[in-house]
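One chain comes next, on its own, written out as structure tokens in the form predicted alone.
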């Protein structure tokens, strides 16, 4: 069934320079919309320069129904700095609105004002932002808040909602700061309300306010930190790296208050080593990093596999290789997450597709690591790390507590830490447990843990086979199908943050009469092959869009199943565009079974 498109679905883009308050304005906008009861997805783009200059963009999609990605075309652009915003005027849809300062205080060179670049089909709204701000507050510092007020008045968004969010935003500042910003907002609101409206954008209050007070705006990184805390994390060791740093920052503040331990280490190798040690000692232990950090951690990941120690590593991908693109998103660390390390070092890899999934995967990762006595990687990316979504958290803790760890000893038998069992899971004891002395080493070992190569084949099989049942772990969505049931023309297979754009594409294809389904795969290792095979059986064509050059997920799936896929690969540093995926779905829908295995728009020519 196609998705209903009725109701509000508006996307704002606020663009300015660092120091203009662009991100702060976007934050107030998205939190106000969430409080009103709207579904919100937002993503902020910061300049790569450390020195505090460059372009900032805050995009906020506000919808009365559940949405899954940002739109390629915004409905409203608010310019706080024309030199940065001009390049993005073309990203405003036809009959969309462009809001800008129309009373500059200095001469502007020809072509330097945004009004010269607005298309005939777009609706311009010029207003005296600086003058309004100075008259209301005596200074020009709150121009971003005036612009918010103008937009709220123009598009009929209640001012009281913004008052509440502004008061929260500046609660730790002197009261005069809050008062000034509310005056700035109200002055902008009055100007917007008095403007004759020409475009077709409407916001207002949603017809049905659903849990607005219960909704929480969270980023993927914030959701990871919350999942860790609610799952009872004991220790966190970390080293700063974009885009994972905010996980560490949140836990640095919250974990000690919750009775846990936090330590910033000297580098990534120390972080993973300490995490492994804490996991061995029985703690729920975690660290977080990005691709360059994970590359440094691979040796200790291998030790965790060999020693069968549970711990959790969050990896937020960015553009690579090497230092790469620290402030741009990519999905190119899949190979490293699944295969990185010496020897056969199979581990569990989870890749949530939205912010709520980050919360659930982070918390459940501890349970899974403990059950299967193995490292677990939670693989996200910059887009998901920094993306805001409205989430209604569960009212009660949904994660299992840490289990008791002290196996019974067979009578007159030594403790066999690495005993070969039917399910491959050995009895785990903690160091120091009476009667459970054992050896742990990175060398291959026997059942007692003592170095020996006699059982290498059996131990390799044990470490791999014990993870097979993880694809059926209770309560974890390892993969899920959406869209049309039964036989379809095009199936879209995806993972990670790109799945939001995939879902939007699927609904758009259905609206055009194309039989289409989508499947998200959350567990990348071990791969839920049986379910994915069933999806392949129902589809004439399988399309795999992903943000890397090689088609790493396509390689993983086609290698495991031996079945052809069509690849759509992008490494632009930005999220995948729905229009690009939809164009490929249309092309495939017009081809016969077995045709169209080469995509004319993919970056590399080879397909599987």
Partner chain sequence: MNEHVKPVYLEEKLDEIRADGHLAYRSKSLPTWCPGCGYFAMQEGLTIALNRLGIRNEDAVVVSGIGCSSRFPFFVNTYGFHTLHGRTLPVATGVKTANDALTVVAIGGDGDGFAIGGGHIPHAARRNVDMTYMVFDNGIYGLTKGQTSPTTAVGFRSKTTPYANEDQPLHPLMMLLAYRASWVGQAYAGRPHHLADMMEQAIAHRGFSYLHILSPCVTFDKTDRTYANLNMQVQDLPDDHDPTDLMAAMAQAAAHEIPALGLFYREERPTLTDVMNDTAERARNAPAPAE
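Positions refer to the first chain, counted from 1. Quick caveat: nothing in here was measured; it's all calculated off a predicted structure.
If you look for the form predicted in complex with its partner chain, you will not find it shown, but the lines that follow are about it.
Remark: none of the three candidate residues (66, 324 and 328) comes within 4.5 Å of its partner chain in the predicted bound form, counting heavy atoms only. Contact check for residue 156: every heavy atom lies farther than 4.5 Å from its partner chain in the predicted bound form. Under a 4.5 angstroms non-hydrogen atom cutoff, its partner chain in the predicted bound form lacks residue 160 among its neighbouring residues. Residue contact check for residue 261: one or more of its heavy atoms lie within 4.5 Å of its partner chain in the predicted bound form. None of the heavy atoms of residue 447 is located within 4.5 Å of its partner chain in the predicted bound form. Here is the short version: of 419, 274, 345, 527, the single residue with a heavy atom within 4.5 Å of its partner chain in the predicted bound form is 274. Out of the listed residues 226, 489, 183, 531, 226 is the one that sits within 4.5 Å of its partner chain in the predicted bound form by at least one heavy atom. Residues of just one listed stretch (465-473, 86-94, 299-307, 491-499) have heavy atoms within 4.5 Å of its partner chain in the predicted bound form: 299-307. Counting a residue when any of its non-hydrogen atoms is within 4.5 Å of its partner chain in the predicted bound form, the hits in 279-295 run 280, 281, 283.
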